[in-house]
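As structure tokens, one chain now follows by itself in the form predicted on its own.
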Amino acid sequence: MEPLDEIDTTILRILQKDSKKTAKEIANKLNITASPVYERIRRLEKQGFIKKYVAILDKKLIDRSVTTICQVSMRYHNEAFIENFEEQIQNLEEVQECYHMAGEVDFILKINTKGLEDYHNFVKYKLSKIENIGVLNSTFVLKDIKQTSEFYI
């Protein structure tokens, strides 16, 4: 795999801010022709630097305005229970992010729902059905201060 040069990094920065930018628009910013930019983007995709292109939605407009951070502690910590949790969590559409942690809790989940009642139902009818969960600790976001999908490169 080729190391990233300054042009590659600049392309990645631009695409992180706006993935709809065309090769021509990026080329204009870099003062080069569109063809090498297009080739570089394809190479960055092939090498896995660019995983996918997405649209970031406004959670209020889609009626998912309650964000909950849920800390999950498991009763037992063997491989089968951890793998089962990781598999089961993939099927829960309310879970936007899931991280396996080191420290006092085992997993941290980011969950977006319409409201507290929906979150309650999610915990009661879905999350609590996953085997081996010992403790759930939920905290609710009062205000989004910073949200980004961009990596500093």
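Keep in mind the model is a prediction, meaning the values are calculated, not measured. Don't overthink the numbering: it's just position in the shown sequence, from 1.
The next section is about a form of this same protein that is not shown, the form predicted together with a further copy of the same chain.
Even though the partner isn't displayed, in the predicted bound form is E97 close enough to a further copy of the same chain, meaning a heavy atom within 4.5 Å? The answer is yes: E97 has a heavy atom within 4.5 Å of a further copy of the same chain.
Taking a further copy of the same chain as it sits in the predicted bound form, is I153 near enough to touch it, meaning that at least one heavy atom pair lies within 4.5 angstroms? Looking in the predicted bound form, residue contacts with a further copy of the same chain include I153, since a heavy atom lies within 4.5 Å.
With the partner left out here, check for me: in the predicted bound form, does some heavy atom of V135 sit within 4.5 Å of a further copy of the same chain? Judged by the heavy-atom cut-off of 4.5 Å, V135 is well away from a further copy of the same chain in the predicted bound form.
Contact of I130 with a further copy of the same chain in the predicted bound form (heavy atom, 4.5 Å): No, I130 stays farther than 4.5 Å from a further copy of the same chain in the predicted bound form.
Contacting member of K110, K29, K124, R42, with respect to a further copy of the same chain in the predicted bound form [4.5 Å, heavy atom]: Going through each option in turn, the one that passes is K110.
Need the contact residues for 127 to 153: heavy atom within 4.5 Å of a further copy of the same chain in the predicted bound form, sequence order, or none if there are none. Going through 127 to 153 in order - heavy atoms within 4.5 Å of a further copy of the same chain in the predicted bound form - the hits are T139, F140, V141, L142, K143, D144, I145, K146, Q147, T148, S149, E150, F151, Y152, I153.
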